[in-house]
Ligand SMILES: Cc1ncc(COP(=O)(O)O)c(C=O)c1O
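Just one chain follows, in the form predicted alone, and it is written as structure tokens.
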């Protein structure tokens, strides 16, 4: 080895400059989090404005990194929805924790890779540890293995590859409330439309056990081969949980693979209220959850758990000549053999640091807090005679609608206008949807930064009368 020092950044930044820039980033992020409640929940720019500020020809010469960082913070990162905003109730927000941010920074700074055991045994061990923590917290057996991916979409596609490899090709059964990414994934994997059976959900927006039994019988009579059942543990639309114990019983009796999509809802099993709603989740053959939702991680982070030992490797393992020297032995796990990615960053670091920093006790309390906020919103809406609850609070989601829209207004347009009104002044962000054809407003309250007053203020902004009166009294 040659003597002398090597530059920390061979492309030109000096150590003092590197530290100063890093400290600036930390200060800016902490300041953002300190003032998030007073900022808009979502800001959307126009293509022309954003291109003008961020575009131009490729920069040929070195520039000012401090100025570039300010542009990113003031322009690019200001024009987006903020999942950590306490009044962002749209879809399923991602309220990240600061410990998760620190873990992400540290792993990125060390360029952490978790592909082969030889090349990343430390980050791989961290990932295996957090996967096993999740397994234990969700009650799955110790045969369960897993992999961290970008999110629920890729996690479910990965699960479907494993399921088909384990039980063979055949018909897949799901409800009309199943996330669209799963249907897209089935078609991307080459499942023919005739093998994708979308069943009408019941009055509680759940996969009907009776409808499933009828479909299984009808398909066998028609010569089809049932293979996979997809259940929901917290639907995106209403937070509904399918009858997991009954579905697991059918799958066990008939040799079907049970895949459970708990992308946002599964972590609720950490607290008592969620555990009761999610009874039976531990019987899934494969289970998806997104720690970047209700486990408070920065984007992106999804997790797939598979209860059959070795099933992931059986579906994905390959050993080309150029990887023969980095193939794990015995209990050395090559995580590249558990999914579609070869190059994989150390995604587990941020989740590991989050658990080590806050402990399960604080995470559990934060999840229970989110469940309670939706229940509060339900009570406030139910107290106003002009509004009605359409689906009750479940797993942090509640939907509601006006009993009568304003004269001459379409019901959906009226609700959308009210949602746009609170978004326009930056006070809150929520979305409309439809439940069994009924237009509704929807709140998803999984953010631990959200307070009861945030719920009251948002509902008042929508015109929920009991909240307006409370606000005036306060």
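Since we're looking at a predicted model, the values are computed, not measured. Positions refer to the first chain, counted from 1.
A second form of this protein, the form predicted in complex with the named molecule, is not displayed here; the remarks below concern that form.
Partner contact region in the predicted complex: 175-183, out of 113-121, 317-325, 175-183, 71-79, criterion any non-hydrogen atom within 4.5 Å of the named molecule.
Looking at residue 208, you'd find every heavy atom of it more than 4.5 angstroms from the named molecule in the predicted complex. Contact check for residue 234: a heavy atom falls within 4.5 Å of the named molecule in the predicted complex. When contacts are judged by a 4.5 Å heavy atom cut-off, residue 346 does not count as touching the named molecule in the predicted complex. Within this chain, residue 152 lines the site of the named molecule in the predicted complex, having a heavy atom no more than 4.5 Å away.
Comment: the named molecule is not present in this chain, but in the predicted complex one of 284, 159, 263, 398 has a heavy atom within 4.5 Å of it, namely 263. The contact residue chosen from 101, 402, 215, 92 relative to the named molecule in the predicted complex is 92, the criterion being a non-hydrogen atom within 4.5 angstroms. Using a 4.5 Å cut-off on any heavy atom, the residues of 288-304 that reach the named molecule in the predicted complex are, in sequence order, 290, 292, 293.
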